[in-house]
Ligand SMILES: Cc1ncc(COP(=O)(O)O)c(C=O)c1O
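Only one chain is given next, in structure tokens, and it is the form predicted on its own.
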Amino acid sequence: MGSYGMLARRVVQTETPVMVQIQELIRGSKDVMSLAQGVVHWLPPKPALEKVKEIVWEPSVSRYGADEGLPELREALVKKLREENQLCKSSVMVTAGANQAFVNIVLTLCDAGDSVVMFAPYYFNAYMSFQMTGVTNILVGPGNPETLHPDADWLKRILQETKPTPKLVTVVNPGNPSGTYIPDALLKRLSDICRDAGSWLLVDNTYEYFMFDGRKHSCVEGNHIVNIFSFSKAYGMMGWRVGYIAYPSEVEGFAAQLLKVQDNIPICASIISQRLALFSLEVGPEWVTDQVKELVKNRTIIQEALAPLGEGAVKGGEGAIYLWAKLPEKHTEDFEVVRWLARKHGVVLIPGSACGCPGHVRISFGGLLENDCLLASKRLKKGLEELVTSGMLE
């Protein structure tokens, strides 16, 4: 007993959470500003919070609820999916955030040893979810060098050539960490390729409302498609932990198997959090889009701070709350650059190696109010200017 060898190999071999490393870096640094974690600066809608205050003493809030979610919330979500996302043949399960939704789906659809497909740069927590559930044959496909869009031709070839056929393909739209949006035509093509090959397509729509420059978000639906959504970013509910799964109603047995997983992880999402989610839905999506419009200023501020990296080095910003940047060629050790920026210049980013792309960084522009974002951007620009001209001087 007490031996390292007694621990589960699937967890030992799972990547260390990059956000845990970043949080440790922040705690160990003085006066550091974070452009790292994917958060927004706003709180949930005030009318929704006021209603939550009124129900805290209700006995039902402290008891278990239905595993799949409060009936009234699920009913509201089915209505939302039909009206906003044009998903008319999907059932809903409420989860403790989108990350838990992803794990639910992996446990329901994938066996240990199955192969799955992601595209670089990928969302680090999704990669870890595969690893810790024993799905170790993770095939990472390329993105278009200019757009970072998933390479559909590569996907078609890999699904045809890999035997047995990969069980699941996953994308985030708009992207985390890329901040790029997969156009409707390309998303439909990815769906068709997966359908023809007999693979599931799992689409993470966490940032559905975070669309810029006139772009419109869209979803795809089918008996081979699962969609994930979240309240965390849109309604400023990161700490309340509410997400949901939209899964095909016509696939026999899906709901029953998904319910087994749900009952053994959270049983149900927090009841008071679900009530806040319902109250927030009543406020409406216009409230969210008004908040998102203000982030355009932050995006512009951070884009200017990244200018020292040169033309073509910065991608993304079409959607979500991220920009994706390539570091100078001689600085491929991105985590060292991140540590240096925190220590020397007081600003923290996410290293691209955590997303399958060494030599890059992810920058989040959603978590700071405009004045704080200006200060963080000044630190970042100064650090990058020094990095480009002189290297990591102490």
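Predicted model, so just to flag it, every value in this text is computed and none were measured. A residue's number is simply how far along the shown sequence it sits, counting from 1.
One more form of this protein exists, namely the form predicted together with the named molecule; it is left out here, but the text below deals with it.
- The closest non-hydrogen atom of Y322 lies within 4.5 Å of the named molecule in the model of the complex.
- In the model of the complex, G38 approaches the named molecule with a heavy atom inside 4.5 Å.
- In the model of the complex, the named molecule lies farther than 4.5 Å from every heavy atom of S178.
- Proximity of G236 to the named molecule in the model of the complex falls outside the 4.5 Å heavy atom cutoff.
- With the partner omitted from this view, the residue of P166, P150, G97, G316 that lies near the named molecule in the model of the complex is G97 [heavy atom within 4.5 Å].
- Checked against the named molecule in the model of the complex, the candidates Y247, F130, Y123, W200 yield a single residue with a heavy atom inside 4.5 Å, and that residue is Y123.
- The stretch that touches the named molecule in the model of the complex, counting heavy atoms within 4.5 Å, is 98-106, out of 150-158, 254-262, 276-284, 98-106.
- Residues N176, D204, T206, Y207 are the members of 174-211 with a non-hydrogen atom no more than 4.5 angstroms from the named molecule in the model of the complex.
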